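Before any questions on binding or motion, here is one chain by itself as structure tokens, the form predicted on its own.
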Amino acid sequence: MTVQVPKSINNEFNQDNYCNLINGDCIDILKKINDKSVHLVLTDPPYNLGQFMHKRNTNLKKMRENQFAYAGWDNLPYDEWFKDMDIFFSESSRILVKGGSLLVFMSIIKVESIIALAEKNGFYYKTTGIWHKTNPMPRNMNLHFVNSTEAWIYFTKGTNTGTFNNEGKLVHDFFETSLTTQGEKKHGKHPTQKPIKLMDRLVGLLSNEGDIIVDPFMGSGTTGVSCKKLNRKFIGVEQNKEYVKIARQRIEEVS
């Protein structure tokens, strides 16, 4: 059955809506979602690298407009970040159906912390994978290795398997795409925006048509774009009003 997503995006949270874009705190909104009602949590939370990057001898702020380490939302002390992520995993565990999936993008240096938090909250660790950017910024290329990868970590809730639509084909834990294109940023820029091609692949593999997908750290809404394209229901939460506006514009244009 094909889910018909309305052209207008709902502003008021109602879990039965096909698409909810909510300006607010992700924990507050997660607490309003029904128990065992979500099939996939797919998100890109803060990596807790702001203070770490500030202490390093870098000039990222000058080299890249709106660089995440200087955006102000990734500067929590580790203990506070760890506590917030513990609540995130607890609420994600509550709302996911048994066998539902959770995939988070994360810095490779935080993987051990994330796995410990997830297992504490009833998740089964599946794998750590890599997104390889085929055209990374050649920053300091004559001094050291160019940073061209980000990690993602995949879990299932309450069981060691979940939805995996590989159609009998081998799927590597390594996805390769270009950086987000300028066309995908035409409504505005987000410092950690993921490309639609990457999110399409993850949404398609880890969920089915009509499933409810939640992105508690929605940013500029790429997960929502993929959900609408692939006929999934979507709940996206973002604290920044400007990014919610960008997400709404992007999702509304999907035919």
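Residue indices: 1-based, along the sequence shown. Remember, it's a predicted structure, so these values are computed and weren't measured experimentally.
Below: the form predicted together with a small molecule, not depicted.
Note on the interface: of 225-233, 32-40, 189-197, 202-210, the segment with non-hydrogen atoms within 4.5 angstroms of the small molecule in the predicted complex is 189-197. Taking the partner from the other structure, the small molecule in the predicted complex has a heavy atom within 4.5 Å of a heavy atom of D25. By the criterion of a heavy atom within 4.5 Å, M218 is counted among the residues contacting the small molecule in the predicted complex.
None of the heavy atoms of L21 is located within 4.5 Å of the small molecule in the predicted complex.
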